[in-house]
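The chain that follows stands alone, in the form predicted alone, written as C-alpha cells.
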C-alpha cells in the first residue's frame, strides 16, 4: 500500500509522515530530503545551481539513501545538513529542474516497489504515485507554517526572524506552485487535512484513522 502526503513547506509533512509510518510499520520515504541532498551535493562541489544540465548529471551520479532516521549522501550522514536555512532557500533549483525531478521520481518509485510506504513531498500523489491507495494533502495557514519553521530552525541553532522565514516561505510557495513539472497541487482524489490548531500527535491520529478506513475499503480514505 502506498500513502502519499503532499503539501506546502512548513505543513509538518516530514515529521507527521515519519510518525505515521512508525505506527503502521510502513517504510517512510522522505522525498524532500532527496532534493535537498542534490542541492547540498552541488554546493559541496562548487557547482552553479543555475547550471541545469550539470544538476541533472549530478542527480544521476550521487547516491542518496535512508538509514532509519538518517539521510545519507554518498555514505555521509547529512540528516542535519540538508535541513539548514541555506538549503531550504536554495532547494528550488533542484526541485524546479525537470531533469532532476525525473531522475528522483524514478528513484522514489524504485524505493517504494513492493513495499508498504508512506511518502511525502510536493508531487507524490500527482506525479510519482498517481495510483496510490490513499492520498493526503496536508496544509496549514502561512503564518502557522512559518511559526513552526522558525521554531525548528531556532532549535537547530540558526538565527532567523519570523518575518524573513515567512517571506522566504511565501516565495517558495509561489515557486512550487508555478513550476512546469511536479507543481505543488492537491491530487483530485486527495483528502485535504488542515493542521492549524492541532498538535502533531492529533494530526497523526487523524491520518491514521483515514488510512485504516482506506485499508478497510472505505472509498478515498475519507472520514
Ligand code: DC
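Positions refer to the first chain, counted from 1. Please read all numbers here as calculations on a predicted model, not as lab measurements.
We do not show the form predicted together with 2'-deoxycytidine-5'-monophosphate, though everything after this point is about it.
Against 2'-deoxycytidine-5'-monophosphate in the predicted bound form, the set 109, 135 and 213 makes no contact: no member has a heavy atom within 4.5 Å.
With 2'-deoxycytidine-5'-monophosphate left out of view, the stretch that reaches within 4.5 Å of it through heavy atoms in the predicted bound form is, among 66-74, 169-177, 49-57, 156-164, 169-177. The closest non-hydrogen atom of residue 95 lies within 4.5 Å of 2'-deoxycytidine-5'-monophosphate in the predicted bound form. Residue contact check for residue 78: none of its heavy atoms lie within 4.5 Å of 2'-deoxycytidine-5'-monophosphate in the predicted bound form.
2'-deoxycytidine-5'-monophosphate in the predicted bound form comes within 4.5 Å of no heavy atom belonging to residue 147. When contacts are judged by a 4.5 Å heavy atom cut-off, residue 117 does not count as touching 2'-deoxycytidine-5'-monophosphate in the predicted bound form. Contacts of stretch 118-156 with 2'-deoxycytidine-5'-monophosphate in the predicted bound form, defined by any heavy atom lying within 4.5 Å, are made by 120, 121, 122, 123, 124, 149, listed in sequence order.
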